[in-house]
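Taking the form predicted on its own, here's one chain by itself in structure tokens.
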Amino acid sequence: MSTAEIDRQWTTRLRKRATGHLPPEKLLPDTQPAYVSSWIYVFGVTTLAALMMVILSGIILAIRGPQWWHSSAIGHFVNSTHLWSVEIFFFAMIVHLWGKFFMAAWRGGRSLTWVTGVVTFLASVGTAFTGYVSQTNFDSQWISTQAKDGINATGAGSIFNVLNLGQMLMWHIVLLPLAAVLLTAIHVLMVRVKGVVPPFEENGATK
């Protein structure tokens, strides 16, 4: 096979395009700009760390089933770890989101990076909601019965039945987490491609 034929292959074109936008030294950089040494960036990393704990504890809960945490001390501990990881995740994400808003993080062609962060937040809210209605206790019953009328009023109740435990559990452990993790990965990769947004005085522009 000639070099020209190899260059025309979709795998070759995809590899060259990927390495052109995101070479290894940019994907896993050795250093960062001085302005990254700020507390606001810690909350982004905290969000990622909390997400990993949410996934790990969620996998354990999924393996043991939706009743395990009601009858086992270990299950209660894992369930509590899952809950508090979610609390830390949302706290850190909201601080990160608002911090980036006031820093105008969409500057320098980073608007899509900002949008993926916002969409990730919305997907995470849906994931948390389906988690609350999947607790199989009185809390989940109250939340689902209070939410059903509002959801039905939008017309979404025909495909999103909050009173259906099996459906909500599948949304919570499969569909929405997959969306949230995929969006998070895209968001991080886009940060690597475009770089961290500099302070206003760094580039002398606010656009």
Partner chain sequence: MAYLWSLAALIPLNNYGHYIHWGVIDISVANFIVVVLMIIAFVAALFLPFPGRSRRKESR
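Model, not experiment: these values are computed from the prediction. Residue numbers count along the first chain shown, from 1.
Below, we turn to the form predicted in complex with the partner chain, even though it does not appear here.
- Task: Spell out, yes or no, whether the shortest heavy atom distance between A34 and the partner chain in the predicted complex is within 4.5 Å.
- Result: Output for A34 is yes: heavy atoms within 4.5 Å of the partner chain.
- Is I40 close enough to the partner chain in the predicted complex to count, meaning some heavy atom within 4.5 Å? Contact with the partner chain, yes.
- If we check the partner chain in the predicted complex, which of the residues in 98 to 112 reach within 4.5 angstroms of it by a non-hydrogen atom? Result: W98, G99, F102.
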